[in-house]
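Quick setup: one chain, the form predicted on its own, written in structure tokens, and binding and motion questions come after.
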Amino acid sequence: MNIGQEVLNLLKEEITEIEYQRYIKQLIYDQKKSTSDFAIFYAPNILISNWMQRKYSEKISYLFEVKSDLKPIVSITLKNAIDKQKNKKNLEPKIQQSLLNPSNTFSNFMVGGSNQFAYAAVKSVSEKAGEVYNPLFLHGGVGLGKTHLMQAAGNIFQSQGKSVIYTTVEQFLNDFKRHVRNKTMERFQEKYRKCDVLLIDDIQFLSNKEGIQEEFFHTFEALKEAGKQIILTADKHPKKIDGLEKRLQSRFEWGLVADIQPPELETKIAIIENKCLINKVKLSKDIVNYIATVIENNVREIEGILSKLHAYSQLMHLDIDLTFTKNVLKDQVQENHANLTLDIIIKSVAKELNIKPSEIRSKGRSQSLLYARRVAIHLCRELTQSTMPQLAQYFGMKDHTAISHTIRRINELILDDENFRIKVLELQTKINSVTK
């Protein structure tokens, strides 16, 4: 039994039997292509590959460390994706160093107002490595596409025959410690200072680590002096990373700092539709709109949601409709909305529609108040676990039948009135972001 299989057996003890049978059992470890730095597993299709990479790769990496004292980057991909790259210009050694996800390309990155500047910057760098915006520093919240953009550029560089290293700060640190322990720092420096392109994720984790900051500083200097391209990502602007040396902060700003904001509703819808196309999952427009409002700001959740819907649909032999989608995702939605209250929703609706919160809960019958009240009731019903009687009491209505009648009317408006539907979706997205 190879070490990859031993690690999967360890993982089996920590997850449910259903998860193991549905996902982990389908993984195949490639012992020949794997190294001490990179562990390669193959999945049967792209949907399972993406789902498992996101959910299990960190855990598998940790179990490798438990088993062998080495903590490799784990790549869960398709066999033909690695083979295709292997056959391009005989680049196998560089592929093993970088292990870029071949599905991260510029063509399948959805551009919107929230990420347009960052996209343009990375695209420009990919066309002129080391000549413009060096280093390029991307920052933004979790799951907004920083790694996707970085790796899209990396895939371009790699196709040009350049030596590309993609890693995380954690892996860089583990690599550093191992070479210090083995007294082979020359090999470490050769690896990181002689590449053509260095891509490093999560630079904020350099914080308060003096030894590795010193080594990274000299690596940065060597690459910059040689005109090699550096792209970094973090969850915040360099100046806001506490515990980071001033000389590193200033160097990270030498080139260009670009932020990625949470996507607006239209961009989220476009991302979901694109992921459905790539993963061959058919969803109606109302389901796409629903998912766009419940995933909050982390668009990385999309593939997990699609995988979950696909798996439940196949196992239960049911078509994916809106009711089915809501049932499958109800626990996830409840978790996302755990801190959401009726008052938060009312205040958000009132602010958006320029009406006082007290007016929404009043007996007023003007068109603007009726409109605001309908929107508020719908969102309170969708985003909280409040019962009909609780909502009736909160909105000062006679009983739950009055709320039920109002909700039926709202549902009719959502179906018949495009403007009303869009406003409700926009508000739902904004309210979700308030609780992040």
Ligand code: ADP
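Quick caveat, the model's predicted, so the values are computed rather than measured. All residue numbers are counted from 1 along the displayed sequence. Rigid core: the largest C-alpha set superposing within 1.5 Å between the two forms.
What follows is about the form predicted in complex with adenosine-5'-diphosphate, which we do not show.
Option touching adenosine-5'-diphosphate, based on a heavy atom within 4.5 Å in the predicted complex, out of Asn108, Gln189, Ser159, Asn327: Selected residue: Asn108.
The single option of Val197, Val299, Ala153, Ile203 touching adenosine-5'-diphosphate in the predicted complex, heavy atom within 4.5 Å: That would be Val299.
All of Gln5, Leu27 and Glu58 with a heavy atom within 4.5 Å of adenosine-5'-diphosphate in the predicted complex: The answer is no: none of the three residues contacts the partner (heavy atom, 4.5 Å cut-off).
Which of 300-308, 344-352, 211-219, 189-197 lines the interface with adenosine-5'-diphosphate in the predicted complex (heavy atom within 4.5 Å): Checking each option against the 4.5 Å cut-off leaves 300-308.
adenosine-5'-diphosphate contact at His148 in the predicted complex, heavy atom, 4.5 Å: His148: contacts adenosine-5'-diphosphate in the predicted complex.
Distance check, Leu144 to adenosine-5'-diphosphate in the predicted complex, heavy atom within 4.5 Å: Yes, Leu144 lies within 4.5 Å of adenosine-5'-diphosphate in the predicted complex.
Close approach of Ile76 to adenosine-5'-diphosphate in the predicted complex, 4.5 Å, heavy atom: No.
Close approach of Arg251 to adenosine-5'-diphosphate in the predicted complex, 4.5 Å, heavy atom: Flag for Arg251 set to no.
Core-aligned C-alpha movement of Gln53 between the shown form and the other one, 2 Å or more: The answer is yes, as the C-alpha of Gln53 shifts between the shown form and the other one by 2 Å or more after core alignment.
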